[in-house]
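Only one chain is included here, represented as structure tokens and corresponding to the form predicted on its own.
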């Protein structure tokens, strides 16, 4: 089963064009446990749940998803014209095996959405996590994701900036520990004029960890004045991890701007020496620096309950 496929392939020997997992029939539909604020309609559709924001919300729609083996959770988020929405998905695992989570969002003109995902499936579970979105004129979506404490995560975000002056920011934080895997595929497609996107990824890889990041900014014909930027910062703790960072910019328009960059490396030895001279041992230094990556992203969530849960678990 091929997942996380890049829209434009590169050399096969690099083994980054896609991810492959065992063929799975996700035959066990699950609904999330939900806390729905007033002004939001929640309705069933096929094998999933649809949430429609009729009024602007500061209180988050909370969705707790505990995956099971071969389970499938489908969520559709609709934000009506001029409304603002706040959604938090907390993804964990109820048992070993592989679960599928599919989330779609649709923003009408002048709408805004803050979409937060916290993914912690534990040492025996895998998650296939797919997000797909459409953003209309003058609409804005902010995606915040944190990945920790998971055996294997396959995550994908495909978002179309359809409208003029549509905007997307994505802030991702991850910690991948020994023998764990994180496979990411982000495709931001610019269609509207003066559309903007900014992807910022901060992560930590420990000895034996494996991570692939594919980030594609696709500037379509007609998106004059569009700007897309992606940056990844990877901290390596140890000597034998696998890191693949694949930034891609596709362009079919002249008056556009595309930027990408990556910083990958270990802690500066002068900094380590300074901290050790202040009585901090090396394991504590590594933990402090790793936690700082997660804290930066967590600080953007704007929900004290969620942030406290994340930081408390990182201290365990």
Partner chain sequence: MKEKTHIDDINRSIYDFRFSDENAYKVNSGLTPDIVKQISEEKGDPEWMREFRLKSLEIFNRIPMTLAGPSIEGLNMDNIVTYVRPNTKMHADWDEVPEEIKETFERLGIPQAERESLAGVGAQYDSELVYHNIREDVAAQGVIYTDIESALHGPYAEMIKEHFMKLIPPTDHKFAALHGAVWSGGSFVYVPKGVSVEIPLQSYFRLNAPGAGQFEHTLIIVDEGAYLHFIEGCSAPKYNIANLHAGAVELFVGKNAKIRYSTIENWSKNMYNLNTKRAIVEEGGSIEWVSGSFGSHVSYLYPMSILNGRGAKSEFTGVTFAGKDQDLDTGCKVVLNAPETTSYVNTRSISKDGGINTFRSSVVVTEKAKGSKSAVSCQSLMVDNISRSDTIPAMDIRCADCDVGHEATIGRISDDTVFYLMSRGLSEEEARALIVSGFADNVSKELPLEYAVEMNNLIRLEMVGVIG
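Residue numbers count along the first chain shown, from 1. Please read all numbers here as calculations on a predicted model, not as lab measurements.
The form predicted together with the partner chain exists for this protein as well; it is not shown, and the discussion that follows is about that form.
K.L.:
At 4.5 angstroms, heavy atoms only, are 224, 256 and 265 all close to the partner chain in the model of the complex?
P.N.:
Yes, the whole candidate spot contacts the partner chain.
K.L.:
Using a 4.5 Å heavy atom cut-off, which of 64 to 72, 271 to 279, 245 to 253, 29 to 37 contacts the partner chain in the model of the complex?
P.N.:
Result for this chain: 245 to 253.
K.L.:
Just to confirm, with a 4.5 Å cut-off on non-hydrogen atoms, which of 20, 292, 24, 9 contacts the partner chain in the model of the complex?
P.N.:
Contact check passes for 9.
K.L.:
Is there any non-hydrogen atom of residue 260 lying within 4.5 Å of the partner chain in the model of the complex?
P.N.:
It does: once the partner chain is placed as it appears in the model of the complex, residue 260 has a heavy atom within 4.5 Å of it.
K.L.:
Consider residue 82 of the chain shown here, and say whether it contacts the partner chain in the model of the complex, taking contact as heavy atoms within 4.5 Å.
P.N.:
Although the partner chain is absent here, residue 82 would stay clear of it in the model of the complex, with no heavy atoms inside 4.5 Å.
K.L.:
Report yes if any heavy atom of residue 14 sits within 4.5 Å of a heavy atom of the partner chain in the model of the complex; otherwise report no.
P.N.:
The answer is yes: residue 14 has a heavy atom within 4.5 Å of the partner chain.
K.L.:
Does residue 152 reach the partner chain in the model of the complex, with heavy atoms at most 4.5 Å apart?
P.N.:
Contact with the partner chain, no.
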